[in-house]
Ligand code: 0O2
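Take a look at this single chain in C-alpha cells; it is the form predicted on its own.
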Amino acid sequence: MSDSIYGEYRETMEYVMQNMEARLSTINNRVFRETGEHLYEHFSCRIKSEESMREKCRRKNLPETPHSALVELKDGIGVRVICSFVDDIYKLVDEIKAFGDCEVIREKDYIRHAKENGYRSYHMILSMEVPFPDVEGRRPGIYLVEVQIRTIAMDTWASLEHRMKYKKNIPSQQLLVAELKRCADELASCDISMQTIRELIRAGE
C-alpha cells in the first residue's frame, strides 16, 4: 500500500480536527447557558480521504505530496456546521474570528451572494497555529481548515444538488437545473421567514 498523501502530518491533522470540535462544542454550550438557545444544531468534521485528495491533486495538476495536500489545497481538514437560523451563522462566524490563534485567510459569503445555481453557504479557510511542526518546517506549525456554515434548508439542498451533479444520463438536464435553482430560492425565502418568526417570538417574551 502506498504511503499516505498527508505523510507524517496526518496525526497532527487529527489533533487540529479534534481541537476544532472542542472549540465548537464550547461555544455552543456557552451560548446556550447565556441565551437558552443553541447557536447551531450539529456539526461534522472530517479529514479528506486519501483517494479524494489524490484525485484532486491530479485534477489540479499538482504532485501527490504532503505539500500539495496541506498547502496548495486547503480543504484537507473540513468542518461543516448546521444552524437553524441565518443570523446564527453570522454570530458563529464572529465567534470563530475571535479565536486568538487563528486567522481567516479566505472567506466567501454565498448566503448574501448566492452562486448562480442557487447554492448558499458561508465558507472560511482558517490558518490555525498548533504546537507541532508543519510541512514547511515551522514550529509552531500552521494548518489550514475549511469551514462551511449553512442552515438546515441550505444543507438539504446542497446534499441533493451534490448527488444530482454526478448522475449521468439524466433526461431533461436543463429542467433539473432550473428546478434546483427554484427550490434553492424558495428555501432561502423560508429561511428568512423562519428568522422573522423567531424575532416575533422573542419580542413577545
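Keep in mind that this is a model prediction, so the values were computed, not measured. Each residue number is its position in the shown sequence, starting from 1.
FYI, the form predicted together with the ligand isn't displayed, but the following is about it.
For the ligand, fitted onto this chain by superposing the C-alphas round its site in the predicted bound form, the count of atoms within 2.4 Å of backbone or C-beta atoms is zero, giving an open pocket. Although the partner is absent here, residue 46 is a contact residue: one of its heavy atoms lies within 4.5 angstroms of the ligand in the predicted bound form. Contact between residue 158 and the ligand in the predicted bound form is found at the 4.5 Å heavy atom cutoff.
For residue 75, a non-hydrogen atom is located within 4.5 Å of the ligand in the predicted bound form, even though that partner is not displayed. Contact check for residue 28: no non-hydrogen atom falls within 4.5 Å of the ligand in the predicted bound form. Among 58, 165, 139, 42, the residue placing a heavy atom within 4.5 Å of the ligand in the predicted bound form is 165. Note on the partner interface in the predicted bound form: the residue among 90, 99, 132, 110 having a heavy atom within 4.5 angstroms of the ligand is 110. Screening 63-71, 175-183, 46-54, 29-37 for residues having heavy atoms within 4.5 Å of the ligand in the predicted bound form returns a single hit, 46-54. Residues of 100-129 placing a heavy atom within 4.5 Å of the ligand in the predicted bound form, in sequence order: 106, 108, 110, 115, 117, 119, 123.
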